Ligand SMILES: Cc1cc2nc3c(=O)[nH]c(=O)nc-3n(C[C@H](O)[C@H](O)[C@H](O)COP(=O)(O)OP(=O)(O)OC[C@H]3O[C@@H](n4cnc5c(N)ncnc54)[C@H](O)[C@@H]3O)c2cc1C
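Below you will find one chain, with nothing else, as structure tokens; this is the form predicted on its own, and questions on how it binds or moves follow later.
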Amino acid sequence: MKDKPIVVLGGGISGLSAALELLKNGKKVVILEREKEAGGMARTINESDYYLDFAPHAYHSTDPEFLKEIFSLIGDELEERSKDVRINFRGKYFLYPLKARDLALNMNPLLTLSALTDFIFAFPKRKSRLDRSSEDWLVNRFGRTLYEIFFGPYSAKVWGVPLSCLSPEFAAHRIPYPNLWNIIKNSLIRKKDTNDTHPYAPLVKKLFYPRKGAGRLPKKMQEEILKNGGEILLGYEAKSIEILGNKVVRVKGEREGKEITLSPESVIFTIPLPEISKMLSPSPGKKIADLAKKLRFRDMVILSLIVKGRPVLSAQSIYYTNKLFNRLSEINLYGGIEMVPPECSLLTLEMTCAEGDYLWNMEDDLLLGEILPYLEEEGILSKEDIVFHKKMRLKNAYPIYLRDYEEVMGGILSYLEGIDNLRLCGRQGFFKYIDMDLCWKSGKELALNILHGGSRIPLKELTYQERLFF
């Protein structure tokens, strides 16, 4: 086993992090990455002398270990900014995370009264009501009014399904404050900055962004991996994982018809988890294949616009509840100040969709034509301001936490427990909606687990929702 490599499937942040930690500890590592560049969602595209990101991917964390790592790699390339994100709701702009004073000043007084009344009646009963879905979770903590006018419609647009179809875990993961009272309390009581965070949606105040795009970190990680003797096979798609007894004995990849076969010591799986049932040989059978089909991802289309002038927006990102796009961002305001010429700004518009639907298939110019009236209506820009535009597609961007997905994952993981040297991690590979800092941590912790037969995270004591890898 000494000369066999650890094979990492997928070269996103999780896979790169695991590979780098393993190489530093003397392991042989080979990464198979389907795209022409490593980095996953965090890679930066160089197009017509512009640098384009798949929407903003700012580095943020209260984990000093993660911050130390990125500063050691690209500290001299980072810009620091204070977080400034807004929600456009019924024509008005609200701070995000929500502030009680902001809600009171900007929302219709009758609507505010209705929301507060709803909450006052719902809050005492929340502990006796079951959270069967994200809708239940939100209504029990914020009241029916706020759910009906904001949480419900926006989430249905973004995820393609109503919140009644999503697990309560989804709302618990993504809502920064646990209830409306917490928003009110945090607005009334001034507290010193602390390291208190929500585990999946941190209440961060500081962001760091590479001047030439988020892809600078994975690019630097790639350089370090090669410097330490690792191999990164770009353009290779993982095709099969062959099992003998209770171990992976071969992994096959393919690029432009050329096949490669690797005999691994271990396999780290960071590509979309539903693919695993198709790749395992012998087949895991119909039961596991059917479970894998129940795991769904939301795809995304990003329209990048290079426009004259800067700044263009009043905040780094603005969420829209009633537009074709979900989020409009100005990357320069995050710190990506060298991605476009100094007299221009880079805007990104994100639209969640499904592969093959009308948004996914729409031509670049047609999509711009659909978007432009919204931007003109908001007074953000006109057609004459646009210097360059490009549509980018991103498959498997966000795992969808459908109701009972935990049981689905439990069934898949129970089967995979029988394969000793196959590990899962990352957003796609472990089906966890986590940000880049936790993707990095999941890779590093998994590497430590492989190296030392254990981890600083006591896996057996954690539920699936609390784990970062398997």
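Each residue number is its position in the shown sequence, starting from 1. Not measured: the values here are computed from a predicted model.
Same protein, other form: the form predicted together with the ligand, not shown, and the subject of what follows.
Taking the partner from elsewhere, residue 325 is found to have every heavy atom lying beyond 4.5 Å of the ligand in the predicted bound form.
The ligand in the predicted bound form is not approached by residue 423, whose heavy atoms all lie more than 4.5 angstroms from it. Contact check for residue 403: every heavy atom lies farther than 4.5 Å from the ligand in the predicted bound form. Heavy atoms of residue 60 reach within 4.5 Å of the ligand in the predicted bound form, making it an interface residue. When you look in the predicted bound form, the only residue of 30, 55, 70, 412 with a non-hydrogen atom within 4.5 Å of the ligand is 55. Checked against the ligand in the predicted bound form, the residues 380, 394, 386, 359 give one hit for a heavy atom within 4.5 Å, which is 394.
The putative spot formed by 11, 270 and 439 is fully lined by the ligand in the predicted bound form; each residue has a non-hydrogen atom within 4.5 angstroms of it. From the list 154-162, 137-145, 237-245, 221-229, the contact stretch for the ligand in the predicted bound form under a 4.5 Å heavy atom rule is 237-245. Taking a 4.5 Å heavy atom cutoff to the ligand in the predicted bound form, the one contacting residue in 277-309 is 300.
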